[in-house]
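Heads up, what comes next is one protein chain in two forms, each shown on its own as structure tokens, labelled structure 1 and structure 2.
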Structure 1
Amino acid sequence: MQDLIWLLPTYPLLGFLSLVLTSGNLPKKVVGAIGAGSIGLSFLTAAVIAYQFLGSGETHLVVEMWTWMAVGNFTPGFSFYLDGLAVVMMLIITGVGFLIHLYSAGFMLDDPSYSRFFAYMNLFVASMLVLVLADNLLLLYLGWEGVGLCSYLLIGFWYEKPENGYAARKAFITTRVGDTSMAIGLFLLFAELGTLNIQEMLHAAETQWAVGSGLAVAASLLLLGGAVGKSAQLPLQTWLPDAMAGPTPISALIHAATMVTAGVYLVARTHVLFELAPNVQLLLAWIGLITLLMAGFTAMTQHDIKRILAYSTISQIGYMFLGLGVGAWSASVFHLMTHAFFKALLFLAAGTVIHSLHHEHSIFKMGGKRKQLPIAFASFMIGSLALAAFPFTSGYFSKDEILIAALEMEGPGMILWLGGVLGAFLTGIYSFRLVFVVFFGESKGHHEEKEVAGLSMATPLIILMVFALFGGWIQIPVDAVFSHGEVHEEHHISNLMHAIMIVVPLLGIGVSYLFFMSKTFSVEKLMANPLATRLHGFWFSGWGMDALYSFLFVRPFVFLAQVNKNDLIDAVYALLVEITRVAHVMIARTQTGQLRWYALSIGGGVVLLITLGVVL
């Protein structure tokens, strides 16, 4: 087991290096085999490690590879930490990641940059594995920044279009805000606790800091800043919808198995700090709740199939933050896993739809596609049922645990629960709005197209359908990780509350059916109302967040850039140079070579100095 763990990030890293060093000169079959095969090997290795670890009865394992640097007492190493949380994360990353790579082998086959695509994808997975396996925050930060770099490269993969480059820069800059917050948090933790080893740091914080202390609050707030950036939560959520500029498999990898789950993992891994700062932990819950509701309302107004799923991801990550905020650590990680199953399924199915319909993205230019696209239809139906928490699908179990924990929380628990239930209602509406518009009714275009889904594309969809349906029955081994902060008791809520949590998402599906399937209610008549039109526009814009940031940050920056287009700073130094030159010319003119003028100057200077001395 200890001899195998280092292979997890090494396989995809070697895949990345082999594809980069061959400069795209390998045959596409070889490229696909290296790209997907390296992740497949990592998954097999992860499965063996998980089997051995869970069977050993150990709670954790540290594997020290080598010392990274040694500066005084600061000796961070390339060391891996394995416990139940790391086991769950590595299986999700490699398992779902392998299915996405396998799908990509068929989806991207016609792309001229096939090798570059898989090189970036392999590096992405390697970075994420380093992030979740690191035993110290510095190594975790290395993986954290590697994930950020790869997201930039992949979102802007089709860089020929300027809008794709803009989306990549937006993601990179927005997440850098959170990354800077996290970096400052690491400086604070090291300065105060003397270590960045995660377990030693958590133990030191627990023994040295009182609950509610200023240092605990500051450290947890700074780490929360990093988490909201990577996981696209309020107020740094605006980058994720634009990240749809990249190829669809990239969207699936970012949303399901890698980047946006990094913030959830960070908070879960450092949960002790948040327990020491209860107000910050409550803030975490409110951020999750507000984000999931904002994203839910926005998803109902979108017409781009991938943007609907993007806002859905923001909303579901909001549920995970809500769970973390109410202390349901295990439930949040559980929802992270089930979300990986059904969101990867939905994105890959969306890729099949887009690929089959000649890169069409608007759901209102589709319609009636269930017979033309049977695999995509089945995938969307199962994925949407899980997303909407239909009873006994994977999403039902994990979301139910989070809402129950919110309900049992003292203080604002009831409000948080009501907000979560409202979010489930919105999820039912927007998820099945997509299904009904795309796959039912009359075809609005692309009448004769056949489904483009070869074996490499269909197999991952079928496997993910099974996990989206039955993944909720998987028992994840994370209770021991959070046992200090979690009391394991049976839930005691009324049957009425259970019934509400089951019925409300079904009501959302029913509302969607009445509007978009049976046409009992008319969207056109609803939009004739001026208030509805204004709300639709406001929600469609993402609650005006992009416009707000443009007003506060982008426009002032552009204004200053225009003012400074001739470089005022250089002009100041140029002025100093000119003053010096002129002064030099004037002084040089005093050098006449005539002795009487030199004597007069010296005498005048002496008189002036004596006068000043007398006066002062």
Structure 2
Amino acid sequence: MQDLIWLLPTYPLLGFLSLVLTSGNLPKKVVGAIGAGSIGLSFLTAAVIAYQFLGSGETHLVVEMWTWMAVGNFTPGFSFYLDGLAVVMMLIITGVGFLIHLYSAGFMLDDPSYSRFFAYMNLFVASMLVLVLADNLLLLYLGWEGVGLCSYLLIGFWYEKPENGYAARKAFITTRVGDTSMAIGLFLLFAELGTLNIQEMLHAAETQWAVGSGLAVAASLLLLGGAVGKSAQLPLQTWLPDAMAGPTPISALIHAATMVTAGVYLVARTHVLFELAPNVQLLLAWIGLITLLMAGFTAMTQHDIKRILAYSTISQIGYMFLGLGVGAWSASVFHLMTHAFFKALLFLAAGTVIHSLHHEHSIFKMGGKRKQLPIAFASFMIGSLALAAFPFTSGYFSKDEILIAALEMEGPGMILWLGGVLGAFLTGIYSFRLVFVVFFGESKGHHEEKEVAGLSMATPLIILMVFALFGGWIQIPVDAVFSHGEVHEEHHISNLMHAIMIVVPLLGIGVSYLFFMSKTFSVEKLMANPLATRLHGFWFSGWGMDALYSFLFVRPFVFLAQVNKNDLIDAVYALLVEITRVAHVMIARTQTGQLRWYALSIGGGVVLLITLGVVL
């Protein structure tokens, strides 16, 4: 059964193929069945495989399909590699993926391009599974690019609007920058270590490279480039908020639960390299910290419900990076999983809200919806609690582990921890700001709006609620993967610290309550302060990164392209042609038709030649 691991990506791929080849001619029910069913099959298979694998006690399993290409000593294969990490990932992808597909079957029912939607979704899941199951970096790269492509296609799913297309291209191209860095990393790894097979490569790196050696630093930095692109971390985070242009299930699946955490997976998968380059690992932590804070501040200022969630995603992935940076590999993966639960929940709930309110996105045009949208309300409450790390929700356990690991780290550990705690405070504010504004207070808009949530939409929400609440008790089987890197010791953290970590998010929620619920403090008054206004504007724009990149890269490129539209090189040849033409006109003038001029040319020519002949 475990050898049938190739079935995992195959089901969704078949789904994709059958949907594409029928090109929208199937009835919607069948489409939905194929779309969600293929993922369901994958999930079942994954579950069985996971059960057997974990039961077998093996640390890993390799299933070789065929040699992809063999050129000299470069022989990457189509081979899958299963270990604890992969098990976790595949279960998240197929599990959460299935729920989201199920939800989409209801959510997208009115869309004319229903079939296209599921085709892309299936292709995405297939690529994502290849990504996490790949046993070599090239195959991983295939999945990596595949998910990027699907992300592009799905962000731009409603292609009539040019801004959706823009967002899609922005997402693809920005991540491509990271991908290119990763590709160069692959070249470097192969050139130096002679293989792209992940395990062999890691082993070779360990034996050949000293800790802190230049090559290790370069290789890990290049891979990090790929990771920050995909996971929307500084400095390539700008695409994710715009990516919300896609249908909401996409945001849940791709831009919250799975694809954006691929960077975390990549780093975790190649953690040996990062351990060989401690400086890069530290950089990882700092990137995570700065990103989580920046995104946290920005999330507080947004009023598009999906953008708030998007920034919160960036922020939460920042936590994962922070965790990776301080060496808490399994904690990061753990947070990845819990985040997948509660963020998918939040997005799907947001989808229900938006769907029910006729595509209203601004939270300030909502309000008091808890009666009208009970399921969404429940989902949001649970999801936000988990997000804000309310004690004993899933988010609490995972975030806690990361922060403890940061605290235990020597050197800058304390600063990282403080930053993380500050982030948790911000999380509390922005997550409950959303809840309070949307679901409490006076009701705005039309009252007759009913919650649109059929069985297929409600079921996933309920299941995810359960996991968001209790997911923290799941034990992830990754110890074997990170065994040699992680030192398991008893946490000797003082109770004070524990208390702080519990209280701070609550404080955040409290602040939020004072501002948005009880209106004890007024946002308007705060905004009266010009400094606050400016700061708000700055945060709102995502710290001005978009404008900066536009100024640094986009506009110069477009300018250069436009200036040289007609290809300067062509002008050079045109000049040659012009010279020839002028020469022709000049010399043609000598053909006057006058006999005496001709005679003169002969006489003069002879004199000239004789002069030349004698002088030379």
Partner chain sequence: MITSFNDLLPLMPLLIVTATSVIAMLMIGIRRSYITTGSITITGLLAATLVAVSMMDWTNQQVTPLLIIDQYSLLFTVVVCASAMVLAVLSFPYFFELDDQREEYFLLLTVATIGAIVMVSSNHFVSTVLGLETLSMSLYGMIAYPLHSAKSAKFPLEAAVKYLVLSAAASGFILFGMALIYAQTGTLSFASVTELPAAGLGDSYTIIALLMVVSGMAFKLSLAPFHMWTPDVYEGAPLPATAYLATIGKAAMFVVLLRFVQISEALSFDSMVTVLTLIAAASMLAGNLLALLQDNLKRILAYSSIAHMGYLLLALVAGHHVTGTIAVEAITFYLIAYVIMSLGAFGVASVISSSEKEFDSIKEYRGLFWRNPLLATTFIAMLLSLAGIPLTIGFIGKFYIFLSGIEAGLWVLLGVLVLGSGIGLYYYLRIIYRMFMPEKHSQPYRVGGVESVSSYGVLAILLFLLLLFGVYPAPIMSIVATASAYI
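Along the sequence of structure 1, residues get numbers from 1 upward. C-alpha atoms forming the largest set that superposes within 1.5 Å between two forms make up the rigid core. These numbers were taken from a predicted model, which means no experiment stands behind them.
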Either 1 or 2, the form predicted on its own = 1
Based on which superposition fits each C-alpha better between the two structures, do Ile93 and Leu266 belong to the same rigid part?
-> yes
Degrees turned by the smaller rigid body between the two structures, as judged from C-alpha superposition = 30
In Å, how large is the C-alpha displacement of Val606 between the two structures after the rigid core is aligned?
-> 14.1
